[in-house]
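In the structure tokens that follow, a single protein chain appears in two forms: structure 1, then structure 2.
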Structure 1
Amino acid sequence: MHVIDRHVYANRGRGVDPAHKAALVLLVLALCLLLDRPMVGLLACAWMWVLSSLWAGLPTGVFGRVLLAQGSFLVLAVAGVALSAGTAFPAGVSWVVHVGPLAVWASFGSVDTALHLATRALGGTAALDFLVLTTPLVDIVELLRRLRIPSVLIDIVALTYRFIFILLESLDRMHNAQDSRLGYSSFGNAVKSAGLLGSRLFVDSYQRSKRLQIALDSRGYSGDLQGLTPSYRTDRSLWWLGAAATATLLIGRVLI
């Protein structure tokens, strides 16, 4: 959360119209899903890395680290698709490993399916990562507003985002208060303290929501969390890069 947050407010792509970035991202996402080739997914990852590091000027490692974290979940998820286990294995499997009485096997077919799944998902994830790493929540909210999403939903998104940080802060403070009085000195204490902290956090959030309501009312709240419409710039280079990425993905589909 904090890693993303640090970079999202300090990158060159920040002021660019979020609709343009979102259009590019959706296009790449759609191509990954429709073309369904491992190469397309990998090319999409490469392009998104280029866009975030060279176009938006994020440190080169950031995009990689975020994608790696998500990729490792993905590998675990598709491992189940590629591998099967049992006491007896069917005919026609390509690889078998015996672990005691258990057999673990995979076939060309299952590995191929897993590879398709993984790369397709990774390409789409990379595309969304690019949006998330270069677009602050305010701009995403503005985009949702333009898409005519009901304002109740948008307000929930906006408030939730703010409250995540407020809750994290309270959590930190309460944890420190407990820790400083030996609340986590033994396993038993830690379990008890964590339970107290959880219930306390719940009460805290409830009271805070009441205070928030008061503060909103005092500034004339009438059921809509209004804000100024931000102004954005248009960056033509994003369009050319988007076109080049699309072309590359299509060529990737044809050639490989």
Structure 2
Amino acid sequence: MHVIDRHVYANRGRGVDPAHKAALVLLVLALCLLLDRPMVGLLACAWMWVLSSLWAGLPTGVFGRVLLAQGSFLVLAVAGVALSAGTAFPAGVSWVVHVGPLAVWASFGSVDTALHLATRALGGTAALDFLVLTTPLVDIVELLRRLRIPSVLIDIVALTYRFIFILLESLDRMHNAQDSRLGYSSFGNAVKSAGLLGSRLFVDSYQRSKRLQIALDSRGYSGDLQGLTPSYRTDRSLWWLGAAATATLLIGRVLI
């Protein structure tokens, strides 16, 4: 989260209208879902990586690290699609391993399904990562207001995002205090300290939410957090790059 928040305000695409970036992301996401080819998802990842690095000016490794962290969870998710386990396996499986009385097997069909699922999800994730890494929350909130999203939902999004960083800061401070007092010197102490940390963090978040509600009420909060409307610029190069990305994905669907 800190990596994303640090780079999102310093990239070259920061001042571009978020509606243009969101339209590109939705287009790539829709193509990944509709075209349903592994190469389409991989091409989408490549395009989003290039746009983040060359167009937005982000360090090349930033996008890769974010996508790699999400891809590790994706691999665990699709493993359940590709692999099956039981005491007996059906005939015609392509690969099987026996672990005592348990058999783990996979077929060409299940592996192909898992591959399609993984590449589609990875392409869509890369598209959303591009939006997240180049568009601050204040711009996303402004875009949601333009789309007439109910104010209460927008306020929940903004406050939730803000509280993530507050709780991370509290978590780090509490953990350092426990560690300096040898709270994690042994397994037993670590379990006890982790339990105390979780309970205290819950109490701290509850108290912070109450103070926030009191502060909002004392300032006349009526259900809508008001803010200044930012000014944006139009970057026509993003349109041409979006058209090139769309053409590449369509060609990848036809030829591969």
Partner chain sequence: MTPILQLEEVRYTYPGNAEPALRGANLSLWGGKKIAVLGRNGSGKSTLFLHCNGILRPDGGQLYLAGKPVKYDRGSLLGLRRHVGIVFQNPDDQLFSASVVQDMSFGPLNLGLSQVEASRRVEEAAEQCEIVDLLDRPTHALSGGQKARVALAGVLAMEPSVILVDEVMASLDPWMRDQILSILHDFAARGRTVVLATHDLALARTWADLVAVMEGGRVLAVDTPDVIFSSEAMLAHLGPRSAWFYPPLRSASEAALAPQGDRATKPVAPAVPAPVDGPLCEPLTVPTERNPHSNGSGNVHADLGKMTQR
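Throughout, rigid core stands for the largest set of C-alpha atoms superposing within 1.5 Å between the two forms. These numbers come from a predicted model, not from an experiment. Numbering runs along the sequence of structure 1, starting at 1.
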item	value
Form predicted on its own, given as structure number	2
Core-aligned CA displacement of A46 at least 2 Å between structures 1 and 2	no
Threshold 2 Å Cα movement between structures 1 and 2 at Q213, rigid core reference	yes
After fitting the core, L128 CA displacement of 2 Å or more between structures 1 and 2	no
Value in Å for the CA shift of S199 between structures 1 and 2, taken after the core is superposed	4.9
